[in-house]
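The form predicted on its own is given below as one chain in structure tokens.
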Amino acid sequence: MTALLPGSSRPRPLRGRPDLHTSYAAEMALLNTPGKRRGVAALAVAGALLALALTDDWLVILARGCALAIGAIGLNLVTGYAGQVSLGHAFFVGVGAYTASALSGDPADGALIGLGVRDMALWLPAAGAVAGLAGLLVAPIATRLRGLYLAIVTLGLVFLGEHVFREWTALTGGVGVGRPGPAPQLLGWRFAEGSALLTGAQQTYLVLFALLCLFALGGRNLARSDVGRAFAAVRDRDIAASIIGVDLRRTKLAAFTVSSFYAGVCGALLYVVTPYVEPGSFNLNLSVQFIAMVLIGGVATISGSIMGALFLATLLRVTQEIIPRLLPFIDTAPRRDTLLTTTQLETILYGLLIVVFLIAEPRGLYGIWVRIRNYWKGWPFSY
């Protein structure tokens, strides 16, 4: 089944049998089959070409979807892989967004905190680091709880964050006012302003798509590492994991810290796509959105997190622009003849989609993709 590479003792699969491995290193490789390598390369090329194929308004939606996908990967790492239910993801997204806004804000504006750090290469990792530190501070409390009690504690972070963001006007600008952001730049490149070849939306999308690929590979690499296997052991049976030597406290601390780091980066990138931050954005509804992304896309899968985020980002366009045109009793703002606002409709759709996927397809969109893939792999003997 396998052959040895010339001058090496490392076995490799024979041609035509890519799923058969005789070494643990080959089995746990990041892209361990030629099909996976070709598929990832094809998706990367197709994603880059979308910048030329779609209009700017759709590219803004996809750029926002890329930012949300990074946050969904973070939530999936702590909830899907490590089994620690978290409803406070919106809090860490807000911490990242306001860290980025404070670092990159104009210091000449005396009303708002601003340090004038314009380069995204500096304030983006800082936003993730501050959110990760916040997760690390919360994690010791979370490590003592599990299940419903852990969910309630993390839910309290959302309401605590809402109060802090609402009252700390020097940082957030206050409710209904918010704070604008400067034109983002990366190593001196003001990509949001556009160029002779590409528009600002195209360049912004390409930057966020590249960052999504980077963080997705990082999440997948973490999931297959010793830390990721410890996450899975704690999720499946924490007592048994402790008996075989897994440090439960350290593992849960790592899960919350990494998840919060991803959430902080997500918040900072949302600030790039929509250069305006408002305290009311980081509420329970946003946490429910991230839960929906994970459940709809697929729990404990990096690919599922991306699918769920892009699906809901596209759904947002449908609910805000297309449905109000078709149904006159649904509008973006409440009126005398308005039955539902688009925000209320989105909340209803999130709940319905979560219920439908949990009943009909618990593995989410990733599970549907696996079924389609297995069908064609076995065709014409797909029973």
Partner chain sequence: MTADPVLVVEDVRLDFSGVRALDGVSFAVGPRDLFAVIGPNGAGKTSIFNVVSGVYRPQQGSVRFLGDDLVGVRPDVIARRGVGRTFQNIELFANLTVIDNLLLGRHQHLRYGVGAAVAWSGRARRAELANRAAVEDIVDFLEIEQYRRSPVGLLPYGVQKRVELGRALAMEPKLLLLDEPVAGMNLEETEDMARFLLDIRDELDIPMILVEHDMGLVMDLADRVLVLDFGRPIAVGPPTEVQRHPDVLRAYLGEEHGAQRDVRASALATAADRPPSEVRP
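Note that the coordinates shown come from a computational prediction; the quantities given were computed from them, not determined experimentally. Residue numbers count along the first chain shown, from 1.
There is also a form predicted together with its partner chain; it is not shown, and the following applies to it.
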*So, in the predicted bound form, is A360 in contact with its partner chain at a 4.5 angstroms heavy atom limit?*
no
*asked:* Although the partner isn't part of this model, could you tell me whether L122 comes within 4.5 Å of its partner chain in the predicted bound form, counting any heavy atom of the residue?
replied: no
*asked:* Would you classify I243 as touching its partner chain in the predicted bound form, given a 4.5 Å non-hydrogen atom cut-off?
replied: yes
*Taking the shortest heavy atom distance, is M28 within 4.5 Å of its partner chain in the predicted bound form?*
yes
*Taking its partner chain in the predicted bound form as the reference, which of R249, R190, R146, R166 has a non-hydrogen atom within 4.5 Å?*
R249
*Of V138, A233, L295, L206, which residue is found within 4.5 angstroms of its partner chain in the predicted bound form when only non-hydrogen atoms are counted?*
A233
_For its partner chain, considered in the predicted bound form: do all three of R317, Q320 and T332 come within 4.5 Å of it, counting heavy atoms only?_
no
_Quick check for you: of 107-115, 263-271, 286-294, 249-257, which stretch puts a non-hydrogen atom within 4.5 Å of its partner chain in the predicted bound form?_
249-257
